[in-house]
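Starting off, we have a lone chain in the form predicted alone, written out as C-alpha cells.
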C-alpha cells in the first residue's frame, strides 16, 4: 500500500507471491521499478479493493492513509506498518525485514549485503571547497541534511544549501532567497505532463543562471538499492 514498501517487496518477493502493489509503484515519475515485475497487478489503495483481494498480509507505510489501514485491521487482515527509510543504513535493514515478512530471507540477505558492499565502495569526492547544491522542487521545497536526499548529496560530494539556510529536514526556500545564495548546482526531478503553478516556479527566468541537474525522483525518493544510482549521477554532475 506504499510506494517504498511496494518496491522493497518487488525486489524480494518470489514469483506469484505478491497479489498486487499500489498504482504509485507503477508511476515512472516516482518509482524506480515502474517497469519491473509487470505481471503483478495494481490496486488503488482503497480498503474495500484490498480486502476483496483476500491477501494473507498487507504491507503499509507509517504514513499510508490511516482510515484505509485501520479499516483493514478491523476487518481482520494482518497489516504491517513499515516506517520510511530515514538513513542509508535503513535500506539494508528494511530489505532484511521485508525478507522476513515474505519468508524470503536468503534473497533479502543477498540484496542487503550487495547494497552494503556497493555503498562502502563509494568514495566521496575530495574537492575543497565542496560545491554547494540545492534540491529544489515544486513550491520551492528543498531537502535538508537530515533527510535521505540530504545524505545522498553528502555522499555525492556537495554541501547542502538547505543546511546553511537552517532547514534540518527540509522546507520551502523562497525564490529570492535561493537566487541570493547563488548555489553551484540546482537539482530538480522529472515533470508530469501538463502544468501546475507549483512547478511553474522552477521555470522562472531568474533561475536560468544556476546550473541544473535532473535526477529522477524514483531513484532516490525511497530507500532502495537504486539510490546508489542517484549518488553516482550527482557525483558525475558536480560542476
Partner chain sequence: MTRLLLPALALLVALLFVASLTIGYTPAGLGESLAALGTGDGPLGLVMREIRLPRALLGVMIGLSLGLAGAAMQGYLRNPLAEPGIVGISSAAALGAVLSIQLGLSAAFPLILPAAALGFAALAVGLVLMLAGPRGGSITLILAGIAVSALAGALTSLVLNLSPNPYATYEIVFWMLGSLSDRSFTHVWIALPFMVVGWGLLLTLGRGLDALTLGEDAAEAMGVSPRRMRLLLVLGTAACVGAATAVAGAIGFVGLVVPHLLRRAVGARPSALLPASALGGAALVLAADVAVRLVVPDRDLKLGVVMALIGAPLFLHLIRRTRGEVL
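The structure displayed is predicted, hence computed values, not measured ones. Positions refer to the first chain, counted from 1.
The same protein also exists as the form predicted in complex with the partner chain; that form is not shown, yet it is the one meant from here on.
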Q) Going by heavy atoms within 4.5 Å, which of 47-55, 192-200, 66-74, 33-41 lines up against the partner chain in the model of the complex? A) 192-200
Q.
So in the model of the complex, is the partner chain close enough to residue 171 to count as touching (4.5 Å, heavy atoms)?
A. no
Q) With the cut-off set at 4.5 Å between non-hydrogen atoms, does residue 177 touch the partner chain in the model of the complex? A) yes
(Q) With a cut-off of 4.5 Å between heavy atoms, is residue 204 one of the residues that contacts the partner chain in the model of the complex? (A) yes
Q) Though only this chain appears here, would residue 138 touch the partner chain in the model of the complex if you measure heavy atom gaps against 4.5 Å? A) yes
